[in-house]
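Okay, so here's just one chain, in structure tokens, the form predicted on its own.
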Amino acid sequence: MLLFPAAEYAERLAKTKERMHEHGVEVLIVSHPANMNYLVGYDGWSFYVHQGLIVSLDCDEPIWFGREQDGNAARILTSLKEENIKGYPDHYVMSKLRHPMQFVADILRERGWDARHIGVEMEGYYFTAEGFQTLRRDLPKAAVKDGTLVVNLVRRIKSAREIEYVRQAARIAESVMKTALDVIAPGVRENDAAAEVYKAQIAGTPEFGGDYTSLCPIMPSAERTSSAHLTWCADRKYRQGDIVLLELAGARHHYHCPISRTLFLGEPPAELRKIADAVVKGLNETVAFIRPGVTAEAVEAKWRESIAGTGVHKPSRVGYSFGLNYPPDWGEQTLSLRPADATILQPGMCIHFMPGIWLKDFGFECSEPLVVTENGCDLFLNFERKLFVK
């Protein structure tokens, strides 16, 4: 069953075609599973093989292509007509003799689209160099060009129903973070704590269940907190004096709500408290500054202004857009809070303000996901911003 009304999917497709026209793309091959889900509702763990949608400016609905055994998923999960569901035989799967993009090229020739300007998601995780070469070789008359952000830029502005799913994900995220803070203690194995986090993510709340998240739980401890994006250390037990970074999330129908907090087991050192105070103050002041009409780079500049003189420095971006996504990332790749990003914030944009600090020996994280509104921004979470101590 589709999660959104047919009219919403139709509006998404129409806006995608508008961007295609603006970018000189007549046919777009969509390979990112989040973009597939967004346009037609397809949702399956089938993205380890080649699959996608073919969107043409002169075709009323997209064409789904994928492994033949996944074709019924497209019939169950989408409202596409039977003639627009194209499954390729298994001899295309992980073969040295043929490539699924040959199958796609055949579809384009059958439709008379083989000499058009064809966009592909060249910077996407799910489109390969071999696929690109195959298309260029099999469609010599076509102009194959980059269409990476065509759908992503449409997705950047969320509908009211999408924002409601993020709000539901936020309730799950709060439960997930509380679970982590409750279970982590000296003597507990890190993998056991991670197991409880996973359970909380999938269990969700009494009102609605959760989904798998695009990132696994980021839960480094001790000196491992000096680096971003490390997970738990299997078999290691937490110790008194450990610092633990928690970058977690809740997900509802693949709509995410991330949350980051930091826990210290014991009495925190003065340096950690100083950094925590500076980061939380900067976070509070920057979030209060966010409103429609300001640019992404202006938000980052406000952050730097708010931490000036504290000794805290952050060379990387302090936030990004997020929402509907699949592994390996819940970010949308459309907006970054950093210098030279002149993107103007608009109502409906969901942003994870994430000023993570990673120093030589330890790190600190405290973040806030939000949605830009007509008058400012609304926060998704109701979770205290501080250094947690246990």
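Given the structure is predicted, the values throughout are model-derived calculations rather than measurements. Note that residue numbering begins at 1 and tracks the sequence as displayed.
Missing here is the form predicted together with another copy of the chain; even so, the following discussion is about that form.
Visitor: Would you mind picking out the stretch of 105-113, 256-264, 203-211, 276-284 that comes within 4.5 angstroms of another copy of the chain in the model of the complex, counting non-hydrogen atoms?
Guide: In short, 203-211.
Visitor: Mark Gly348 yes when one of its heavy atoms lies within 4.5 Å of a heavy atom of another copy of the chain in the model of the complex, and no otherwise.
Guide: Close contact is absent here: in the model of the complex, Gly348 is far from another copy of the chain, nothing within 4.5 Å, heavy atoms only.
Visitor: Does any part of Ala298 reach within 4.5 Å of another copy of the chain in the model of the complex? Heavy atoms only, please.
Guide: No - in the model of the complex, heavy atoms of Ala298 and another copy of the chain never come within 4.5 Å of each other.
Visitor: So, Pro140 and another copy of the chain: in the model of the complex, are they within 4.5 Å at any heavy atom pair?
Guide: It does not: once another copy of the chain is placed as it appears in the model of the complex, Pro140 has no heavy atom within 4.5 Å of it.
Visitor: In the model of the complex, does Gln333 come within 4.5 Å of another copy of the chain, counting heavy atoms only?
Guide: Answer yes; at least one heavy atom of Gln333 falls within 4.5 Å of another copy of the chain in the model of the complex.
Visitor: May I ask whether Phe4, Val183 and Phe383 all come within 4.5 angstroms of another copy of the chain in the model of the complex, judged by heavy atoms?
Guide: No: none of Phe4, Val183 and Phe383 comes within 4.5 Å of another copy of the chain in the model of the complex.
Visitor: Taking 4.5 Å between heavy atoms as the contact cutoff, choose which of Thr310, Thr128, Ser79, Ser159 touches another copy of the chain in the model of the complex.
Guide: Contact residue from the list: Thr128.
Visitor: Using a 4.5 Å heavy atom cutoff, which residues in 67-85 contact another copy of the chain in the model of the complex? It's fine if the answer is none.
Guide: Heavy-atom contacts within 4.5 Å come from Arg67, Gln69, Asp70, Asn72, Ala73, Ile76, Leu77.
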